[in-house]
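A single chain comes next, written as structure tokens; it is the form predicted alone.
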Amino acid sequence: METDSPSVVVIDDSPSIKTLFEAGLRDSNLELKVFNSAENSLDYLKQHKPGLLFLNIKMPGKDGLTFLKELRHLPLHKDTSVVMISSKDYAQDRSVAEKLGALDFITKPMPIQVITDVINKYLQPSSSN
């Protein structure tokens, strides 16, 4: 069941990132879904297109860049808004993420304000008239 609220999906194996996003979105009108691996998010993403997807690069199992490449092959996610998260700021990762259509790249650790700023930048409330 879909809600009228835009959704934010976070795929990151770090419990502290989950806590950070929960705190950052507590007073927002956004639905938050957090998955600890790319594999665990796949069933949900096959049926839902989030307003914004935060995707960690380094995770056990499938890494975020590989997952993003696969996600782009799904018709529902050809243009999904994605922000990459990484504890390492490698130019090559940034380049690959950009080629795969990622909107932004943020480096851990990040304060709640960075999360809310990125969400406000890329997830504008719909003002369809």
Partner chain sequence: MSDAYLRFWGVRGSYSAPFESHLGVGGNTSCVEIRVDDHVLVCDAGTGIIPLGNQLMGQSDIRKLLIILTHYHWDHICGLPFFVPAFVPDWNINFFGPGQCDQEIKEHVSAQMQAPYFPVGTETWLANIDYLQPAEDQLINYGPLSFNYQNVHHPGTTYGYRVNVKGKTVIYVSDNECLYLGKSIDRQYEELNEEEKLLYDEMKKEEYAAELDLVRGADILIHDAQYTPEDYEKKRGWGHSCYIDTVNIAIEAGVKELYLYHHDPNYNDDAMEEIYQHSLSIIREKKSSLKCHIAKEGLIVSLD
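Positions refer to the first chain, counted from 1. Predicted model only: the values in this text are computed from it and were never measured.
Beyond the structure shown, there is the form predicted together with the partner chain, which is absent from this document and is the topic of what follows.
Shown alone, this chain has one stretch from 29-37, 75-83, 58-66, 45-53 that lies within 4.5 Å of the partner chain in the model of the complex by heavy atoms: 58-66. Although the partner is absent from this view, S87 contacts the partner chain in the model of the complex, with a non-hydrogen atom inside 4.5 angstroms. At least one heavy atom of S16 is located within 4.5 Å of the partner chain in the model of the complex. For D104, no non-hydrogen atom is located within 4.5 Å of the partner chain in the model of the complex, even though that partner is not displayed. M110 belongs to the set of residues with a heavy atom inside 4.5 Å of the partner chain in the model of the complex. Every member of the trio L20, A23 and Q92 reaches the partner chain in the model of the complex with some non-hydrogen atom inside 4.5 Å. No residues of 41-56 lie near the partner chain in the model of the complex, the criterion being any heavy atom within 4.5 Å.
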